[in-house]
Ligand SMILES: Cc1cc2nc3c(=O)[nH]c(=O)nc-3n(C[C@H](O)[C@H](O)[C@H](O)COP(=O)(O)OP(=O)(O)OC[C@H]3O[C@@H](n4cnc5c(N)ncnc54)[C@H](O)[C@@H]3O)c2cc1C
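Next up is one chain by itself, shown in C-alpha cells, the form predicted alone.
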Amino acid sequence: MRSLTHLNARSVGEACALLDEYGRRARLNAGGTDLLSVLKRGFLPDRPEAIVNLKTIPGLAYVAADEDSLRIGALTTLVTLAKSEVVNEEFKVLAEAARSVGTPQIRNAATIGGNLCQDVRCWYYRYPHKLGGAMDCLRKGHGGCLAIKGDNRYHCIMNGKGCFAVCPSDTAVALAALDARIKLAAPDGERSIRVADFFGPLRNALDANEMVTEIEIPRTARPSTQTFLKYTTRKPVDFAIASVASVVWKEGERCIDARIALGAVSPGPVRATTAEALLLGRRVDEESAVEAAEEALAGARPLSMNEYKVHVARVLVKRALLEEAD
C-alpha cells in the first residue's frame, strides 16, 4: 500500500495553505464516507500524496439562525441537520434530504460539506485500476465519456457536456430549491457561490487551494410548504435515480412563488425555472402539477438507456407538488 502524508489542520487558513502547497495532490477529509472508498478502490488517475484532516478545525460544525439567514458549518453532520429544530421547522426540505442519505451510520459521520463535494458515482470513472487496468475517460483527463456508447442507465438526461456523470448529492438538490449559497475559503480570502452554480460537467467550482466553510440559506417571513422526494432501486441505501425538491409559497389558494430543483439528472441540481413560472397565480392541483412536471423535463435529452429517468422525474415533480397541495 502506498503511504500518505496525514496532516491535521488547526484552522481554515492552515488547511487552505496546505492545499496551496500540495495542489491537486492533496485531498480534504471530514467524515471520510466518500474519500476512504475512493482511496480503497484506487481509481483516481493520480493518487493523493497528502490527506488534510478537517476534523481538527474547531468551530466548523454549527447550525446558526439570525434574522436574515440560516448558516450551516461545513463540518455539520447530516444527522444534525435531520434532527435540527430550526431546519425541520423552516427548511423541512433540507431535513428530508439529509434523512434520505445512506444509512444511520453514514449520516452520523457524513458532513454537509462532504455531501456537496463528493465525487461522482459513474461506474466507468470508479472502475478500480487493479481489475484489468484503468478505464480512461474525459473526467480522468484522457479520452471521452464511456457512458455515451456504454451502459448509461444512471447518467445525465439534462445538461450533459463531455462527461455525463450525475451529481450524487441529495442535499445539493434541497439547497438549490432553497436558493442557498456556499462560502468558499482560499489563502487570499473568501467567496460565495450559489449552490446551483457550484457544479460543472467535469468538477465542482472549488479551486485547488479552496475549501467549503459554510452554507447560507436566506430566511423568508412568509411560511412555505416544502417536499423532498427521491426514487432509488434499493431503499434506503442507494443513490437517487432521480429526485426533486420543491418549495411553494401561497396566498390563499394561489401560488405566489415556487422553486423546483431536480436531482440525479444532471452534473448538478437543475432549477426548473419555467415550471416554477407556470405555477404562479394558479392553484396547485392535479392539472397544474402535471403541466409543471412536463415543463420541468421539457429540456431532457436522454441517452440510449435512460429515457425512463425522464418519466420517473416527471412523476416525482407531480407528487411533490401535490403533496404541497394537501
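Please read all numbers here as calculations on a predicted model, not as lab measurements. Residue positions are given as counts along the sequence shown, with the first one as 1.
A second form of this protein, the form predicted in complex with the named molecule, is not displayed here; the remarks below concern that form.
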Pick the stretch from 186 to 194, 102 to 110, 85 to 93, 247 to 255 whose residues have a heavy atom within 4.5 Å of the named molecule in the predicted bound form. 102 to 110
Partner proximity in the predicted bound form: Arg153 to the named molecule, non-hydrogen atom cutoff 4.5 Å: no
Taking the named molecule as it sits in the predicted bound form, is Leu35 in contact with it (heavy atom to heavy atom, 4.5 Å or less)? yes
Quick one: does Gln118 come within 4.5 Å of the named molecule in the predicted bound form, counting heavy atoms only? yes
Would Ala30 count as touching the named molecule in the predicted bound form under a 4.5 Å heavy atom rule? yes
Of Ala242, Ile157, Met211, Ile72, which residue is found within 4.5 angstroms of the named molecule in the predicted bound form when only non-hydrogen atoms are counted? Met211
Across 237 to 273, the residues having a non-hydrogen atom within 4.5 Å of the named molecule in the predicted bound form turn out to be Val237, Asp238, Phe239
